[in-house]
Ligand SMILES: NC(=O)C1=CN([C@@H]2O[C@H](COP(=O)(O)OP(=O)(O)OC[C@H]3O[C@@H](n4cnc5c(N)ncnc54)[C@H](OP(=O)(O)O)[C@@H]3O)[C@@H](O)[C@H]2O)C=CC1
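There is one chain below, alone, in structure tokens, taken in the form predicted alone.
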């Protein structure tokens, strides 16, 4: 049985979202564990005065790539940035680049998406659904494509309590929704969004469910795999423990707690906090790419990449572990001593927000004003409360995910790959 590294040897890989959190780890893992991979084509858009080449160059200077740099100082020669814009027709890829990609790409990893929970519906639809449609159209033109791997989310169907590794019927026909919203003013779309998303908590989970439907419809023409990670956090082992490049979601909450800013949070202590390390997700993604290309399943296979059903960790435990960790290893420039309290009681939470958040923020801002500095603490707390509010839906209830396909995939690995994938096997078993 050929190893995963052997499969990727000589292959040309197209990656979207490569400058994002998961995309960076995917690029690093491919370069380090599959050193014979031929070329990584990264769809990148110019941003904030930086060209796509400058963005990729900055990304490769990151500490994340230190191990790759030691093994192969010229690794950057394998990386080819392709100018692209997900909000534009045909992804704004030039005809020359289309020709280059369609003539050589063997596997696509579609990681690009907006992960903002409060993204306006039109924009979320453009980035998560329409861009996926356009990438699939490009994929169908590729002469040597062997697999299309789409990164979804375990919460795409969070309106259900038990979630199997299947693609559920979409909440609405994607094309009808796209056509309907096209002529509407943003204010109208904003007003009707709560009715449209229904039982789902936000536009992110809603549009990711639509994207799965769009991907499934191409599974008769392409070999497709769909990865559904739960809440993706810092790396567990690779390339080194604890790497993260953003403070989105729980990571930002933990840092705020460690700095003594966050003192209270509303969550169900007994609910499972389904956090999964980013390197576990990426290991599974590369394995799924190999399996999809080699075994060519007749239908799109879905992989629920979660830990809650096998290795559960509860929000109540997080309070103890996070606080004890930060007390042993205090963060620099802390606002005050870490001491957070998780409660499911709304009134109790509001009381602690007033006493432990707003009142100290007002006092500190008054001190800043009197000393001639710009007040900032209340603004920081308001942003923190907004972030926590967006997380409350996920921290207050439980889901059950079937993971048979993930177990099946692990059973197909060679002994050599089982060692490489050890972190995945250990984390979820």
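As the structure is a prediction and not an experimental result, all values here were calculated from the model. Positions refer to the first chain, counted from 1.
What comes next is about the form predicted in complex with this ligand, which does not appear here.
Looking at residue 307, you'd find every heavy atom of it more than 4.5 angstroms from this ligand in the model of the complex. In the model of the complex, none of the heavy atoms of residue 180 sits within 4.5 Å of a heavy atom of this ligand.
None of the heavy atoms of residue 215 is located within 4.5 Å of this ligand in the model of the complex. Looking at residue 374, you'd find every heavy atom of it more than 4.5 angstroms from this ligand in the model of the complex.
Only one of 107, 113, 286, 211 lies close to this ligand in the model of the complex, with a heavy atom inside 4.5 Å, and it is 113. Of the candidates 224, 232, 280, 129, 232 is the one whose heavy atoms come within 4.5 Å of this ligand in the model of the complex; the others do not.
Judged against this ligand in the model of the complex with a 4.5 angstroms heavy atom cut-off, the residues 47, 85 and 153 are in contact without exception. Partner proximity in the model of the complex, defined as non-hydrogen atoms within 4.5 angstroms of this ligand, places exactly one of 164-172, 202-210, 353-361, 292-300 at the interface: 202-210.
Contact residues in stretch 20-45 (any heavy atom within 4.5 Å of this ligand, taken in the model of the complex) are 20, 21, 22, 23, 45.
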